[in-house]
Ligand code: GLU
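Coming up is one lone chain in structure tokens, specifically the form predicted alone.
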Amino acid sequence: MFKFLKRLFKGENGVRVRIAPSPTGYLHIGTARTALFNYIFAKKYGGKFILRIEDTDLERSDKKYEKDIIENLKWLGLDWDEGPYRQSERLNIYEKYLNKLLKEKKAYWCPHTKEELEEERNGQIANKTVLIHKCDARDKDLSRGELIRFKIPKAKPVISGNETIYPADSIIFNDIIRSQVHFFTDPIGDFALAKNISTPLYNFAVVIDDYEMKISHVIRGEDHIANTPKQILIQRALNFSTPQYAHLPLILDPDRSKMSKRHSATSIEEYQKQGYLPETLVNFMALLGWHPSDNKEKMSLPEIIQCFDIKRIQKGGAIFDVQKLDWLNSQYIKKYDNEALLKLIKQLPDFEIAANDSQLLKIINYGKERAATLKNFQAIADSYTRLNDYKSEMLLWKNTGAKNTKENLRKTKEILFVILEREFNKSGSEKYLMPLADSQGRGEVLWPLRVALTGRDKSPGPFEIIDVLGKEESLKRINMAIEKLSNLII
């Protein structure tokens, strides 16, 4: 079966797919997911994954965005086989094909200004008619104009009895995910190909690039479906072959609305800053609209490639589930060793904690079971090391008075003071303090100790905190608590 699919999906030049982002913004989850599915498809069928930077929009394109796209694709592990190609470096190629279409009367110069087109559009909106430009220069041979338009072929007349019928032409293509897709050409109208001979627009440039780069499959978001008939018309006009299309479902917020920045449309760099791991995002994005036959959720990239079947991609929108993302990230965090996590945590921006590496390694060891992101370790570390300002009354356990609480803390201090440094850790402090807690009451001994060490009513266990803080700091905080209780007794 696999060999059959491999033959089915391989074109004359084998599987060749591309990711073609515009450097007009940071790489976000939608574009990254499209890149991932192209990468997986190429690796599944022994093909090539190509990176193409579509930077013909000179006003909005920026090198900082291109840098971000390249760096974050690498961070995700989606290395390309060819590229990056840049459209801005290929203008002479587009010019050649534009001249060909103009010469063959398959395209023409439109003389209408932006203001005239806007006025026409407003009139169509007011009259509730189809929003297309019907250019009076369609059959004129102008040498220049405001832009270059594609000439939609007119339907061939059909004679029925004594009547001539002009049927509506249509474009039909088979989408790997959505099966047969049908568009009528009349509502499309003569669409723009280029601003001028040296400045191609999206639909034209992408057709030329896909042909020149021998792209076999175009895997992209369903928001591009409306562009497909235009691109097929250009392909036919230039006698190009048509690649196979696969349109991925949109990513939706939990309320099934369009992806928003608040929930999901965050840049990959921002996810990285928040402490998500690259393998988490790859795993999570793969499940946005696709699932394996066994419904397994935690999978490495090689595992995803192994079991990937593009026909299992769903047609309906993919829900962005933040809880699932956090759960997956927590699972990957658990499998990292402490030293590797320490290195990653220290690379996070704005990670500030008054702890040395030895203390942080202990905090990681104790806290990795409950961390959803690397950034969570900031709060976890604070719960071990930062002493909150607290009122004396907080040290009291239920009905235990200040005098008895002070005495229990004094005895606790005496026990901790004589513990040797090599035993001053979680197991050592627990071994020596638990007899006192069992004799005086665990709440009566351990509650004031916890509050003394952290100033919190909710915190990790006191023996873990003692291990992190060390002997000197632990005794210092207990002394402060005893002093607070002395003031309370007075």
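Because the structure is a prediction, the values reported are computed rather than measured. All residue numbers are counted from 1 along the displayed sequence.
Only in words, not in the display: the form predicted together with the ligand, which the text now covers.
Selected contact from Y85, Y211, Y366, Y202, since only one has a non-hydrogen atom within 4.5 angstroms of the ligand in the predicted complex: Only one listed residue qualifies here, and that residue is Y202.
Position in contact with the ligand when the complex is considered in the predicted complex, options K375, R90, H224, H133, heavy atoms within 4.5 Å: Contact residue from the list: H224.
With the cut-off set at 4.5 Å between non-hydrogen atoms, does E54 touch the ligand in the predicted complex? Heavy-atom contact with the ligand at 4.5 Å: present for E54.
Could you confirm whether V206 comes within 4.5 Å of the ligand in the predicted complex, counting heavy atoms only? Judged by the heavy-atom cut-off of 4.5 Å, V206 is in contact with the ligand in the predicted complex.
Given that the partner is absent here, does A481 sit within 4.5 Å of the ligand in the predicted complex, heavy atoms only? Close contact is absent here: in the predicted complex, A481 is far from the ligand, nothing within 4.5 Å, heavy atoms only.
Proximity of V17 to the ligand in the predicted complex, heavy atoms at 4.5 Å: Judged by the heavy-atom cut-off of 4.5 Å, V17 is well away from the ligand in the predicted complex.
Where, among 341-349, 404-412, 216-224, 301-309, do residues come within 4.5 Å of the ligand in the predicted complex by heavy atom distance? Stretch with heavy atoms near the partner: 216-224.
Even though the chain is shown alone, can you say which residues of 94-124 have a heavy atom within 4.5 Å of the ligand in the predicted complex? None of them.
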